[in-house]
Each structure stands twice: as C-alpha cells, then as structure tokens.
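Here you get one chain, nothing else, as structure tokens; it is the form predicted alone.
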Amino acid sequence: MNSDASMPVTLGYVALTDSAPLVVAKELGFFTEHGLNVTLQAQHSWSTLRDKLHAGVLDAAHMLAPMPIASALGLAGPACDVMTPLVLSQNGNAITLSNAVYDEIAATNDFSDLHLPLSANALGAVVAQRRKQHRAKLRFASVFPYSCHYYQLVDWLASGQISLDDVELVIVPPTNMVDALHCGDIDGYCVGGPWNAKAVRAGFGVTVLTSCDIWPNSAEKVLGVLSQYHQRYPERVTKLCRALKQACCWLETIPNRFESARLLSGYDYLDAPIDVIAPSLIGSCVVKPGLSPREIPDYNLFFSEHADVNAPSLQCAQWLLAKMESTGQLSKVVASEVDLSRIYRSDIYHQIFSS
C-alpha cells in the first residue's frame, strides 16, 4: 500500500477569497512539507462540491460551515457522514445591492448620504411601498440553502421586520452573482469575497453591510471530510489539518495577506484582479465608487492569537443548527436528535494540535 506521503489528495474548493488557506498551503509548499501531494480542484457551485465529496470524487473540501451538518442530516440529498476537524475561516461575507435598489432606498427614505452599515428598516420602507403599489418583489440571492450567507440574509431582513413572503430568495453560485446583478436577474445578494468588491469596482452595485455587522466571528468555512475517509486515512487528515492551519497562521499578517491576494488572482484560482481580492484580506470593505472603503479589521479572519478560531466548537455547531431550525429547514424534533459532536470534531482537532 502506498504511504500517505506518496498518495495524492484531491481537495475541492469554490473560487472565493477565503479559499486562501488552501491556495497558500499549495503554493508555499506547506502540503509538501507535511508529506502530502495535494491537487486543488475548483468547483462551480456548493452543491457540486458537496455531491463530489459525498461520492468520493473529492477526498476533502473547503466547505460552508453548516454543510457538514446538512449532509449528516440528509438535507436536500441522501444523508452522508461528513465531519469537520478544522475551521478554516470566520466572517468574510457581505450584502451587495444593485445601484437601482440602492437609489430606491435613498429616495424612499430621503437619504442624502449612504448610512452604513445599512439598516434593514431602510429596505423595509421600499418593500412596504412596493407591496402597496403592487410592484414586483425584490429578489435576493444567497449561495446555498444551508449557508451562513442564507441565515445572515434572513436575519438582516428580519431585523427590518421584512417577511420572507415579501421578497424572493434564490440560490446562485458565487461566481455568477455579479453577472446576475448586472443583468437584473437579482436585486441583491449575500456572498463572500471577491464577488462583492467586483460588483462595486464594475459600477454594478453598492456593498451595504458585511457579515461582521450581522453576527461577527462565527465559523464561515471548514475543512470537510467523510468520516469513513478519516477512519481509513487518519494520518492524512492530520497532515491536511496541520498544513492548512500553518497557512491560516501565515495569513495573520497584512503583508502576507496581500501576497496571498497575488496568489489568488492567478488564472488557476480566482482569475480576478488584485484590487477586488485584496480589500477584504487587508480589512477593507469597498462600498461604492467615489466613497472611502469601510475599515473592517476582521473581514476575513483565518487565525487569532486571542481565540482559537480554528477549533470546530460544539457551541458553533449548536448555533448553526438553531439557525436551520428557526428558518424552517428542519423540525425541533430532528434538531434535538442530532449528535453534533460526531460532526464538529473538536476532539480530533485537539488531538492533532495538543501533540
């Protein structure tokens, strides 16, 4: 049998700024240093990535934090034993609205200046006016039904007393968001970088708030693997975790983050200009052409000396499960029966990093 050092690992990801730990670990040789031959495979959508992980086409994946829970519960597909031994990042999302909707908000609320972060009450005034005038509902997109993006968007709307019956929510892959906004297929979206900054740089939209403004410092992306894969290759999972956490630590400093933007900008990865990738990495939120960016120090958070952001905590899993329940994605009975300790594997994490 081949050893872990000579056996390839196929690691899936979606083209986003917070795939930085994977790209850094690959390009700076951290995977090789830990004895792994890793192939990174970009996936167009989260559902494609999930299906390939479930089928064993991918050995491991950069996943949305709620995805392992959704997979284990069989939400929107057959149940599959997916677990996470490592959190890759916190924060990183933002809500961008089309210029037309922003102008409608400004006119309806008599705004002369942009008020940021934007209160959903301001959007609520537009929703109420449209309902009164029997106009089309606003349509917003998130990237996947079981995502922090979806729950953050729902929570923001709820903070303005906006009923989900008064808007349309659709799913659009991250890389398609900007085009969908530009074409008028959607009026706004919640997505990770660089697809907010890209819309602003192109003059298509206004980024009105970030996930740090809605509920900050919650797990955003995790390393997902099948439980069977870990049982078969525990040493390989250990090496993946060590290499990826090394990359997360490397990403702590601003100079290194800027360098990671250069790596991510390549054709093989995000294939996007540095001026749309770098802002969130260096704690800056590009808002609107002609306006100064907002300072959001933890816009993308990969590692912290003050808190172990990379540990997959049971508290985080419980929070995400509660969001699934509150949005009607699963019943209270089902939620009460989930053994989250088999999905968010803090035991594996601490075993790896306490040695």
Partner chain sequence: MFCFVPSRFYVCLATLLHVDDMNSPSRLSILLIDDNHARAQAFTAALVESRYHVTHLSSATQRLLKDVDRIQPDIIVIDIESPSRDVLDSLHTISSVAPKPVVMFSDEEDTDIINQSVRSGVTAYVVGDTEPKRVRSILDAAVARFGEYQRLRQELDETKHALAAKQTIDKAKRLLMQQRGMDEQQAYSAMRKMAMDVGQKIEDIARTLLSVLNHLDNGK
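Numbering follows the first chain given and starts at 1. This structure is a prediction, so every number in the text was calculated from the model and none was measured.
Keep in mind the form predicted in complex with its partner chain is missing from the figure; the text below concerns it.
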### Query
With the partner left out of view, is residue 39 within 4.5 angstroms of its partner chain in the model of the complex by any non-hydrogen atom?
no
### Message
Taking any heavy atom pair closer than or equal to 4.5 Å as contact, tell me whether residue 176 reaches its partner chain in the model of the complex.
### Response
yes
### Query
Does the 4.5 Å heavy atom contact test between residue 146 and its partner chain in the model of the complex come out positive?
yes
### Message
Even though the partner isn't displayed, in the model of the complex is residue 46 close enough to its partner chain, meaning a heavy atom within 4.5 Å?
### Response
yes
### Message
Does its partner chain, in the model of the complex, lie within 4.5 angstroms of each residue among 169, 183 and 329, using heavy atoms as the measure?
### Response
yes
### in the model of the complex, segment of 248 to 256, 104 to 112, 72 to 80, 271 to 279 with a heavy atom within 4.5 Å of its partner chain
72 to 80
### Message
Can you pick out, from 34, 52, 294, 288, the residue that has a heavy atom within 4.5 Å of its partner chain in the model of the complex?
### Response
52
### Message
By the heavy atom within 4.5 Å rule, which residue out of 130, 139, 242, 230 makes contact with its partner chain in the model of the complex?
### Response
139
